[in-house]
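Two versions of one and the same chain are coming, encoded as structure tokens; call them structure 1 and structure 2.
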Structure 1
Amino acid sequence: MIIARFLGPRVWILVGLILAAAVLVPLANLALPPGHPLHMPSYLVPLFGKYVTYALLALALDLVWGYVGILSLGHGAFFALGGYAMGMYLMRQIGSRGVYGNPILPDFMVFLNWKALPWYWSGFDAFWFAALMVMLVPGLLAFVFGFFAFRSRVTGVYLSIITQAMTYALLLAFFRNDMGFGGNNGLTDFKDILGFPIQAAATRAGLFSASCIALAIGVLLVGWITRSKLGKLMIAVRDAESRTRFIGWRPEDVKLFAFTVSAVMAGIAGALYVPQVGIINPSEFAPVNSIEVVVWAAVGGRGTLIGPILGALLVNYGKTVFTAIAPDSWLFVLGGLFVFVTLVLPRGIVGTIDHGWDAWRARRRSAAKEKGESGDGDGSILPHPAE
């Protein structure tokens, strides 16, 4: 009960909606016959699952941008690293069913005349090890990167630039065949996950549900962090870093914590993304992907918890529609959307609604107070709606 009040009804309503989707979408796909009006076609399940992983990625970015003020243009790198860790596990599950029939080496290694499996592929035949690497690799990179960046007091646009440089450097590295990650083609042709056929409708429904559960846990985690004393300190660092340092806190430690947690969340999103789309390649490191994540959070409203999720779902659904209608002009639409939001809705969709609601509530309170002071009423103030 105390935890429920601490997180607030908005968080629990959002979690409830996400978990409801985790149940209803698989039921609509598996339990209802194709002729039923509520039947969910099989091709939509992995598409919606991809949207959910994007929502988790946007939520991860919002933790550092919306609540700490760190505009990261490199979160696509953490997402891709988590995806590659899962892809390595899925490649090891192919075994002798590959084109070349090698039970140990993936097909691309056989094609490139590799004689033995690289040491950093060891252990990825076990799911628990791959799941650990999904969180550890992005988290460790974020910790090391953030340790040096924040200790050097790199802030603002300079920090954004070096995060983008980080993901571009990884893009160039993973394009190389001698890195042992499939080069330009990446990792694909997956067969099984945890022994279940990856193309089966039930498996895809299960992956969708797993993505929704991960997003719900992410919402609870971010909600708990941002509403705790640490969350208040994060907002203080965002709004007045020098004052926070002056009164004795260490803003770099706060930033490092948030940046590392955010990277782990992004890695988990990438790991859930790969088996649903069936491929992971270096294009996921492209800087434009990280910029798109920023657009999602900005459209929905950063620092609102629900805003980045809504933004990710709306923008990616729009991308699906517009790339079919006008594939040559989609990037212009995306750029125009970001400019529009920046100029007209700087708080995003949810932020604008919240701001309008707060302003309306303040006017009602002021009117009630004036009415009470004039003797025309009992002076009572309207109750404060739960947020």
Structure 2
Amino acid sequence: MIIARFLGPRVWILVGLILAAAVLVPLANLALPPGHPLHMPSYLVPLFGKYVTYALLALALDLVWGYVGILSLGHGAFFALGGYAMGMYLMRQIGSRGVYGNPILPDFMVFLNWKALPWYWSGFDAFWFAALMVMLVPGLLAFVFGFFAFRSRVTGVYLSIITQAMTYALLLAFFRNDMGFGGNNGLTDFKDILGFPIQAAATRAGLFSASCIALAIGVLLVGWITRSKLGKLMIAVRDAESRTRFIGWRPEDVKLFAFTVSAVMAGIAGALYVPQVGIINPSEFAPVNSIEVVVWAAVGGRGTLIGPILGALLVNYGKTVFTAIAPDSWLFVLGGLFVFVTLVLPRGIVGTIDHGWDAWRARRRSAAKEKGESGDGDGSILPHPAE
């Protein structure tokens, strides 16, 4: 297998861990009786499932930010679009079980006197179509947006700000009830997914496993991309864009590829997120959410595969804990954490550990070298090659 050769052991350990979670968590929840010491309480399953989709989102962002150097402040938009596509499918699945019993129209359309389903809702009753849209809509938006932005060489903070403008515009647009996406309340009150009741423990466990598998595939995909020559090129674009241009590459193509792939990943994350939290509404487009994703990646360590995943899990778990134990002051903790990480751990947790490890190894190696030979050639003139 090509992939196997490309990926190092660390990636496989990571994928193994994720897949183990995909199996063990549902087992601990479903197979073990509630009294058992290893039993996983039901309420934790969707909570952890949510973290896993966040991890996938953070990984998607890391592909563009960590590897290509595009700081997108609008990745929440792709996440939310994927979520809306899934939400629309789930809404259609409600069928006539809505409060008004209308077999076609979702409740919010009924009480706002909509007479027919808008054209863009058609097709969403089929899962395959919704699944396609989950990838296609964010992907297409990213492609079109990226195509123009990268071709015009919009870079750095300018790009960050217009991605923010993009998600902000979408936020406002989805707030509008006239858009037909439920306005501020968004889409909610889902009943079932693929015929399984959405609130059943088994469905929850299944969604959790699906999220883990998606994350594992995401890790493999990002691992494969970043370890290919293209991955090297991405880093090259990140570090010296004009140099890549002058050796004949088109950085805009590289960026567009990464941006689009990343948006599709974010869309999938969103689609898995929605059935687990039970609601999708415009606040997912809020610029602050997108900034938070950046924070996860930064805390964990960008430019690594494990970093963003770890960051997303840690920050969100911290948020869960602190909003409960210190509801009046958890923002101090969260804000302090961001400041601390950027000041003390600029490479993020994983980056710092990696760096420390490399430095330690380098020290050992150079110490060993010094014992053997008198010096290395650094800085001195190299021997003239024999002609």
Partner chain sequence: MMRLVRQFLVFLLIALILPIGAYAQSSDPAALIQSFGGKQSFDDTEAVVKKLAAAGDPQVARALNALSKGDLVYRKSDNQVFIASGRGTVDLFDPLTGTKVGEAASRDFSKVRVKNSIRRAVTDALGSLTLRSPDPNTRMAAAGTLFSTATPEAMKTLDAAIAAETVPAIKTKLEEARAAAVLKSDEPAAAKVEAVKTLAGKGDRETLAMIRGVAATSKDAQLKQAATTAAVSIENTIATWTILQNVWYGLSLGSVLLLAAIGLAITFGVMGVINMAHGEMVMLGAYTTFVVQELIRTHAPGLFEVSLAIALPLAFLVSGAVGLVMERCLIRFLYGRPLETLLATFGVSLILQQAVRTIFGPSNREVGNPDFMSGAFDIGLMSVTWNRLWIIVFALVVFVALLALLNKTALGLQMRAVTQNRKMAAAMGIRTPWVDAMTFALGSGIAGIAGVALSQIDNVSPNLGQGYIIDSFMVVVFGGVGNLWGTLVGAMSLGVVNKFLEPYAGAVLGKIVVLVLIILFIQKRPRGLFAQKGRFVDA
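Start at 1 and count along the sequence of structure 1; that gives the residue numbers used here. Note that the rigid core is defined as the largest set of C-alphas that superpose within 1.5 Å between two forms. Here the structure is a predicted model, which means the values were calculated and not measured.
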If I had to pick the form predicted together with its partner chain out of these two, would it be 1 or 2?
2
Superposing on the rigid core, does the Cα of residue 31 end up 2 Å or more away between structures 1 and 2?
no
Core superposed first: is there a CA shift of 2 Å or greater at residue 321 between structures 1 and 2?
no
